[in-house]
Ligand code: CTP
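First, one chain by itself: the form predicted on its own, in structure tokens.
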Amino acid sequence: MASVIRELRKIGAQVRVVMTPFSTQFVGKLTFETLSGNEVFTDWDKDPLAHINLARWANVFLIAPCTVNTLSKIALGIGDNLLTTTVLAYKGPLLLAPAANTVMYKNPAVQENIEKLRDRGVSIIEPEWGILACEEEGEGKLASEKRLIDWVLWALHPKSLEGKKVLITCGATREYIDPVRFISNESSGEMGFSLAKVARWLGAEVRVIAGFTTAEEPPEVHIRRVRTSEDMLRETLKEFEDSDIVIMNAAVADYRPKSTYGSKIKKREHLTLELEKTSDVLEELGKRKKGQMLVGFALESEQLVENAREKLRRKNLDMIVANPVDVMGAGHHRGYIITEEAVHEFEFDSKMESAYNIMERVLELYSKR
């Protein structure tokens, strides 16, 4: 948890730590006081109303690791230490990240208590499969730092997209010349993955169809992998009808080899490839659109706004994000968000900042429908 506190502080969060008496035998209070910059609480010695004051102070309450003992006490409404008593006084988002031996975690009584908590609106951050403290391997390992922080950020955001299904494509397709060579591009998938994170934090059910990517995958988001442009078209069409908002960020190849070699091509002096156009996934979705909000991306080397506007109309889009070619594979992001009514220029140091900006525009436009 030390690294989680450090990362939360980096993103601007204030952190206060409550420890059970038993937990102090594993980690000293000084560690958490140093990392959080705040006093660590274990009892009521310094503040007889600590449970009330802490509960009123917090925007999010994360218990990690949460033992099956603490989890079951919370389910039954037992407040026999400062931590469990503070839970009883807390009215905001409560996140529990269980960690236990597999047999203990799967015990029917524990699972029944987990379902009780879920029914009350408590978020359970499922444990992972791995090597446990008892040196056995199984389900029960504490969720990763990345997942814990993602859940905290989820809890902090308003659920403006609750009940909505958001489909996002990202990454690069590969059009194969032979079994080991292909035509592709430098898309990292970072923009699409960032959009997926923000959409999940806003309460949407998010599904991602991804080609080849090098960016870190977002946690808690279902990702379906594809290889070619035809794979991308087929899988996107499967999800399109059931989606409310579709954001097509994938860098789909425009051309593919007309003929594909079944075995590796031997090195030769010259090799001539004949290319043919791939299916235009975005245009195909625009033809089939029946109430979905459809957002496209355009990468241009010249006449950025003019060419993007033409694509907006020709492909029946609600919005298009137009970028210069230098953003592909880069950390920064700049360009224009274009609708029929307006053009908004933007520039951000990170694609996560840009994803927030894009989703704000998506929400603004979607609310007017």
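From a predicted model like this one, the values you see are computed outputs, not experimental measurements. Each residue number is its position in the shown sequence, starting from 1.
What comes next is about the form predicted in complex with this ligand, which does not appear here.
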- Message: Whether Asp280 contacts this ligand in the model of the complex should be assessed with a 4.5 Å heavy atom distance threshold; does it?
- Response: yes
- Message: Taking this ligand as it sits in the model of the complex, is Lys311 near enough to touch it, meaning that at least one heavy atom pair lies within 4.5 angstroms?
- Response: yes
- Using a 4.5 Å heavy atom cut-off, state whether Asp318 contacts this ligand in the model of the complex. no
- Considering only heavy atoms, tell me if Trp154 and this ligand come within 4.5 Å of each other in the model of the complex. no
- Query: Quick one: of Ala250, Met191, Ala199, Leu167, which gets a non-hydrogen atom within 4.5 angstroms of this ligand in the model of the complex?
  - Reply: Ala250
- Quick one: from Gly286, Gly296, Pro98, Gly211, grab the residue that has a heavy atom within 4.5 Å of this ligand in the model of the complex. Gly296
- Item | Among 296-304, 42-50, 333-341, 29-37, the region lying within 4.5 Å of this ligand in the model of the complex by heavy atom distance | 296-304
